[in-house]
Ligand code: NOJ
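Before any questions on how it binds or moves, here is one chain, the form predicted on its own, in structure tokens.
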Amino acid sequence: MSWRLFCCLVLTALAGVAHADSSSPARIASPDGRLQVELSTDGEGRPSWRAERDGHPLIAPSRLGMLFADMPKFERNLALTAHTTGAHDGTWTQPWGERHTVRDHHRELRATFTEQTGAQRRFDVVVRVFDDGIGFRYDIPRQPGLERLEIVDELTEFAVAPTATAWWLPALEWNREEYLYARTPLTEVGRVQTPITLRTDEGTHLSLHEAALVDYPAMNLARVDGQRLRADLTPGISQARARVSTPFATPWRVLLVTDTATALADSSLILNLNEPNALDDVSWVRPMKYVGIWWEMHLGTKTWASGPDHGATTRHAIDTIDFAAEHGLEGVLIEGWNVGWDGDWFGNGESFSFTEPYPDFDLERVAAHARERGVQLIGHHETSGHAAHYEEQMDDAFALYERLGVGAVKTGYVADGGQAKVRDEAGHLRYAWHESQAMVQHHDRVVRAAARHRIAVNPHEPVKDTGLRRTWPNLITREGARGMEYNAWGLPGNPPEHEATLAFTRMLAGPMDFTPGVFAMRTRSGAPMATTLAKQLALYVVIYSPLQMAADLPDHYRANLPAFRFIQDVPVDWADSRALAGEVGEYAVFARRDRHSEDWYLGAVTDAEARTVEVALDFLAPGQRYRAHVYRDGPGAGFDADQTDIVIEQHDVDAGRTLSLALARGGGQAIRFEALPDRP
């Protein structure tokens, strides 16, 4: 850091409040001083921001501003007329999550930009700088002529200064978020979703995303030229992509900045940018493992629709509940129980009833049996993207679930991108993108309605995660990427590197209902899946979700109870989580401590390359002995070899040990570190 910049940062921090003109930038630094952010205007009054790390350019000057449908844009003739600074260092606790206690340590800059002509409209840019990244947003106060905003797009840019490689998904395509990640130079990306992960040539890791997405369209990014990315808001149902009333603040635009991929995975920055718990007591939100009537439909042996192969029958549901009760699994998901699955349900959804079961499914009897066995039913509401139809029934549906003791629901929005159905202000049915403002508003209404009935929500085909689980803890997990079902349908399924990519891309946004735990690793065509049995176990630790499915059929678990024991043992709610080792798309090693015991769990996965990873056990409690229950790839294992070859063994360890984790091609390793009692 230059002496001039250091002095300016110190003076800014001491001043607290300062008035400025267009020639006086406003600056703020992270608590550790490594990250610096500057806001300024140029000679034409165009606002911009830039960032440095360790004195080196990270984000080159990047535009700020907005385009409107009914008034001049925020872009030129602006001056930075005032700014204030502040700092915060505190902790808060999660009712459930990857870790119990979260530290929020940041410095904040609020800068006011005012037009120098005309009505002299103004807006604030609020910047929070953490040691591991930056969040900023627009905050527009109510003022004459700005009571109602029709926002066409933002002018927000991220001009990445150092040369970088990117891992990314295409935006605004038919399959929503369910694509395989591309790895290219940043100069070759097009229009992409967030989070997008970058690694500079010098080794710095970046992730671009957003936090606290409320009443606003999701942000995509479009490459303008070189490594300059510009915000590209998801289209709405009119020219304006966002229609809001002031005062209004946009979601936070987020840039994570770390030295390693593992530090990206350990960040709590996105959660810290969300509002605190709005529900107070949420003890009724239950993290759990579950089985379900689901995998057989993807294999094609059962159907969601009624008929001779209908999956959701009373008898099958009771048998599944009994399996869960006998093996210590807390939940059972049942799909296809409700009327509407016959015929062309995909992308239609108008025939669904969310309260009427098929004749061969006795909902009352099944729910009563689950209560008797101490098993929590997980309801299912597939909408086919027809959000308007669902909203007409959801209060009745949630009331039914509340009466029956169903404490969680998996919702679904299976429809091509851009084919969700919503109602406009006049009540007319309109088509919308899954991440449009209208659908963001819809999901907000769903989670609020579910909370009134003490029900947790697990949306599939969702709006991306932006940390709202902090504010609404009943928004317990979601999908939002290619899950396990792609491995059931046949080739090409998910490739061996998929999970090691997710760990440092999609998972930076929040929990994912990936549905691991497949033991019979064959597609509906009989072709093998690109995985091993040990990797399937490791995914319970690597891919975090407070709802974790044991996705395979009960018979397949009964046939291999020794391996199934890890699924029975592994928790879903954690006191602490640490990314121990990994590189994007290559391998990932995570350790997590059970919230209700002193036990630790480790999961490691790799891509198509076999590798040995050295892992120090210094995360274990000093002086404590542990029994390591190891589930590792056998000598003949590999995604393209003997997928089921697994070695299960035990040995005692302590915090002073280092383990060599041998991972087969496309394989993994799972370990339970059981805390042992002190010797007498």
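Small disclaimer: the values here were computed from a predicted structure and weren't measured. Throughout, we count residues from 1 along the sequence that is shown.
Below, we turn to the form predicted in complex with this ligand, even though it does not appear here.
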query	finding
Candidate stretches 444-452, 109-117, 577-585, 378-386 - the one whose heavy atoms come within 4.5 Å of this ligand in the predicted complex	378-386
Distance check, Y358 to this ligand in the predicted complex, heavy atom within 4.5 Å	no
Partner proximity in the predicted complex: E479 to this ligand, non-hydrogen atom cutoff 4.5 Å	yes
Interface membership of H460, this ligand in the predicted complex, 4.5 Å heavy atom rule	yes
Distance check, W294 to this ligand in the predicted complex, heavy atom within 4.5 Å	yes
The single option of R230, R137, K289, H298 touching this ligand in the predicted complex, heavy atom within 4.5 Å	H298
Selected contact from F130, W472, F519, W345, since only one has a non-hydrogen atom within 4.5 angstroms of this ligand in the predicted complex	W345
Partner contacts for 395-419, taking this ligand in the predicted complex and a 4.5 Å heavy atom cut-off	K410, V414
